[in-house]
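A single chain, nothing else alongside it, follows as structure tokens in the form predicted alone.
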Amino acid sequence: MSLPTRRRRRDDPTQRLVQQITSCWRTQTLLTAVQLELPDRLATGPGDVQQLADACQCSSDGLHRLLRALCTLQVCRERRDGRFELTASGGALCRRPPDGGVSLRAMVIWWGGPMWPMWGELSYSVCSGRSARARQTGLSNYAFLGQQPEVAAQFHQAMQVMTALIAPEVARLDLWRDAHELIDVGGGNGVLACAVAAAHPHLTVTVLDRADAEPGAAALINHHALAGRVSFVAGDFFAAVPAGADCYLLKSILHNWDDAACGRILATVRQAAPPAGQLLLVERVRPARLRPSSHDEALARTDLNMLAGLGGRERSLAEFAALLGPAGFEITAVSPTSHEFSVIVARRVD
């Protein structure tokens, strides 16, 4: 016997707010699924609840309820025979997605793990303007990564995922045809550097980042057989970056920092860049007003994330211009991507 359902209007503001208030369950549900390797287990074919529970060494009742919840998140679906099978979108949570796309697994682990307690102190950051992570760890900026190698690896893997989503679009930019040497400043594991180098065999690329990013970068460079043209240099972009390249790339760097710190980073890059050298900023560009859309929701999320994490911020195009001008750079073009980011192209002016 089925129960009658009560229908609510799709635009019911109260129901929408309830969903937003309780949305934390989604992150932890996805994290639990990834921790139990459920997407990878289901990628081989439909799974029986008891067999999956035995493989995961967990309660069959608890797992059954988790799988039902994952059905509502479109990660899997329940078949008529009671078994569960992976959906196309759920495949993106596998270590190696069946469709060959980008795995979001590392992103789930980062947001459901190290990021989770930081968001519980958002009110501290909003009221004080200071980093909640610094308050929790007692360490400023990215120093906490140096104290926790496992967390550092999770961070770089999650950033690799975000970069991989837009790397093909950035690699297709026309400007690479005239470039010869690229410095990827703060390039992490080198995802973007490898994508650009693979698409343009005439380019040589250097990735500059913290030493804890080097193992992941070396593995990726070797995986793509680019060791002859892509290299990694451990360093501090506040102190110095490799000089003389005709193009410098900063992907998701400036949004980590306040205006004063951004000024120091840009001054270091300008000192290294030759006359008329190009600077590419791959950043989210905030519109004058945020509206209720998925794009603007993502901007609001990451703006608060920067506030609580590092004391940084997302900026408008005018704010980027205000940073670049005093540092000796002039914006020449802006290209939006299909995701949250835009590519701001600037050149050194003397």
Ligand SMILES: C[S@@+](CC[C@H](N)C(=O)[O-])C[C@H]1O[C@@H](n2cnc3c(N)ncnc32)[C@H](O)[C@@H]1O
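The first residue of the sequence shown is number 1, and the count goes up from there. As the structure is a computational prediction, the values presented were derived from the model and not from experiment.
There is another form of this protein, the form predicted in complex with the named molecule, and it is not shown here; the text below is about that form.
Put simply, of Tyr142, Tyr124, Trp176, Trp111 only one has a heavy atom within 4.5 Å of the named molecule in the model of the complex, and it is Tyr142. Just one of Ala217, Ala132, Met159, Ala195 comes within 4.5 Å of the named molecule in the model of the complex, counting any heavy atom, and that one is Met159. Every member of the trio Gly235, Ile253 and Asn256 reaches the named molecule in the model of the complex with some non-hydrogen atom inside 4.5 Å. Taking the partner from elsewhere, Thr163 is found to have a heavy atom lying within 4.5 Å of the named molecule in the model of the complex. Among residues of the shown chain, Arg270 is not one whose heavy atoms approach the named molecule to within 4.5 Å in the model of the complex. Residue contact check for Gly277: none of its heavy atoms lie within 4.5 Å of the named molecule in the model of the complex. Taking the partner from elsewhere, Phe84 is found to have every heavy atom lying beyond 4.5 Å of the named molecule in the model of the complex. Heavy atoms within 4.5 Å of the named molecule in the model of the complex are found in one stretch of 203-211, 90-98, 103-111, 223-231, which is 203-211.
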